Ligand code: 13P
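Just the one chain here, laid out as structure tokens, in the form predicted on its own.
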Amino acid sequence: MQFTNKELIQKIDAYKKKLSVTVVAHFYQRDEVFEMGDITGDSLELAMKTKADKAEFVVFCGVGFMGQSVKVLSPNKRVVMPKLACCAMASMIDSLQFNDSLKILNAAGIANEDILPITYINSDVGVKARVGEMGGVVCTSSNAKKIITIALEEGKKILFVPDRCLGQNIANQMGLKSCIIGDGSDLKQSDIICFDGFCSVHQLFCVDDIEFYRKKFPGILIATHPECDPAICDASDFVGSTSQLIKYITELPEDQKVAVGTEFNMVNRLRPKNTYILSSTKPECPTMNETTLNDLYLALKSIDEGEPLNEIHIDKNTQKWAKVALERMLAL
């Protein structure tokens, strides 16, 4: 039987009152799902907020690595995902590919003991665990510069995975030399060595888009996410994480025009006037948009029936080392 959105919302609200559940929704979720969230935010913010929450179940509307992060930081919670959507960037590297990257560095004359790995939070739990085992740390787009600054004090090469753009953008901000594994560069001459991963949504923006808006609206500001290509970030007026972008844009005067280079759903909710999408193509994350109201309803229904769908389980060793890498970040 198919229900209307109005009926689904009523059923979801009824389950939320009946069950010990907290519905969590990432900023990139479609509007109707986002509005059902008891807790909303970006990836690390959600993991931290749910850690303090008292409900038995976390129903996480987002992508897989986010649900994993909640489980790692709160192993006693039961984490259920309405949809087992997989972040395209996170799927670009697993623990085996991480090990292969180490072998490439070793072949270039860089020993493992001279490598300090840093993984963007947008990565699989297995990668976080390998990073933790090697003494490395997790970072977010908002704290990557701080994490890298502290990490470099150890005098080691930084292996940054999986997002080449974030790694290169931070290197540019800090005046450091970076390269991408496989681009032919001398790895030993680089401070930050990046895995060749990327966000497909943030690759949609180009310098021509910026030039178009600057020509059409003199005085317009350009605000972008550091998952964008370095050429885009270099040409922007502001570069920041999802939370930083929200703060920056919502605090602008209402008559100040701004073009934003990040995911559509989040930008579309920011403010009603003078906010533009920095692309002729709708930059909507396909995996973030997989979760529907019906998926959320079915997840709650499955909990009520005692057979939770898509529950996150992580083996003890992976859990241990991924938590080490995440907690190192929190301590820093």
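What you are looking at is a predicted structure, and each value in this text was computed from that prediction instead of being measured. Residues carry their position along the shown sequence, with the first being 1.
One more form of this protein exists, namely the form predicted in complex with 1,3-dihydroxyacetonephosphate; it is left out here, but the text below deals with it.
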Should the three residues S74, K128 and E327 be counted as contacting 1,3-dihydroxyacetonephosphate in the predicted bound form, with contact defined as a heavy atom within 4.5 Å for each?
-> no
So, in the predicted bound form, is H202 in contact with 1,3-dihydroxyacetonephosphate at a 4.5 angstroms heavy atom limit?
-> yes
May I ask you to check whether Y28 falls inside a 4.5 Å heavy atom distance of 1,3-dihydroxyacetonephosphate in the predicted bound form?
-> yes
Verify the contact flag for D295: yes if a non-hydrogen atom of it lies within 4.5 Å of a non-hydrogen atom of 1,3-dihydroxyacetonephosphate in the predicted bound form, no if not.
-> no
Flag Q168 as yes or no: does it have a non-hydrogen atom within 4.5 angstroms of any non-hydrogen atom of 1,3-dihydroxyacetonephosphate in the predicted bound form?
-> no
Could you work out which of T242, S236, S101, S178 is the residue within 4.5 angstroms of 1,3-dihydroxyacetonephosphate in the predicted bound form, going by heavy atoms?
-> T242
Among S43, T50, N265, T291, just one has a heavy atom within 4.5 Å of 1,3-dihydroxyacetonephosphate in the predicted bound form, namely S43
Name the stretch, out of 5 to 13, 305 to 313, 20 to 28, 318 to 326, where some heavy atom lies within 4.5 Å of 1,3-dihydroxyacetonephosphate in the predicted bound form.
-> 20 to 28
Using the arrangement in the predicted bound form, list in sequence order the residues of 115 to 131 with any heavy atom within 4.5 angstroms of 1,3-dihydroxyacetonephosphate.
-> Y120, N122
